[in-house]
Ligand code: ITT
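What follows is a single chain, given as structure tokens, in the form predicted on its own.
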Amino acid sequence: MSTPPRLIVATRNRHKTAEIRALVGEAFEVLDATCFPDFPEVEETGTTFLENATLKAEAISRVAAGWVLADDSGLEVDALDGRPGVWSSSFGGVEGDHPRNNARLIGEMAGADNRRARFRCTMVLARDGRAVADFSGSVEGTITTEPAGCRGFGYDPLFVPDGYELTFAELGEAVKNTMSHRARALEKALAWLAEQ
């Protein structure tokens, strides 16, 4: 049996890597930046998901052989004029502090009638320091008034996807991976890779 090709994900977020690995299955050996201590830290200075994903993909593909996949994703809330958006992971003031991010979102949404929101993801594939292709995915839903569920990560305890009455954190990975913003973007990326 031949070894699957390698796909390096430009992240140190183990939750993100686990989601991508589950979605990719046996098609690729999925590694991330935690496997390569010498990989640079990439500052996300972009103002769009595409800009940030491109920065990460190109930077890591300069030091890694083969395909590099980067994603930037976040939550866009209509009542907050699309915030937190690209600043989703630091919305509460501390990068990656999910409870603080969720607490701020609940506070800013207090009394809001419009609870509509979406998760959006943009993925970029790069090779040899150059972005080659990009793909986007999104999932629509609503924001709850308090967290529910203990699975998932980020804003999953507050997001109820359309067609469901439970949050992503209550539905769990298997259901989330059938419809998430990341799953939809990755499906397009894998289809593109299969044609290369």
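One rule holds for the numbers: they count along the sequence shown, beginning at 1. Note that this is a predicted model, so its numbers are computed, not measured.
One more form of this protein should be noted, the form predicted together with this ligand, which is absent from this view; the next part is about it.
None of 152-160, 126-134, 57-65, 23-31 except one has non-hydrogen atoms within 4.5 angstroms of this ligand in the predicted complex; the exception is 152-160. Taking a 4.5 Å heavy atom cutoff to this ligand in the predicted complex, the contact residue among 104, 83, 98, 115 is 98.
Contact between residue 44 and this ligand in the predicted complex is found at the 4.5 Å heavy atom cutoff.
Though the partner is left out of this view, residue 10 does reach within 4.5 Å of this ligand in the predicted complex, counting heavy atoms only. Of the heavy atoms in residue 16, some are within 4.5 Å of this ligand in the predicted complex. Contacts between 69-101 and this ligand, taken as any heavy atom within 4.5 Å in the predicted complex, involve 71, 72, 73, 74, 88, 89, 95, 98, 101.
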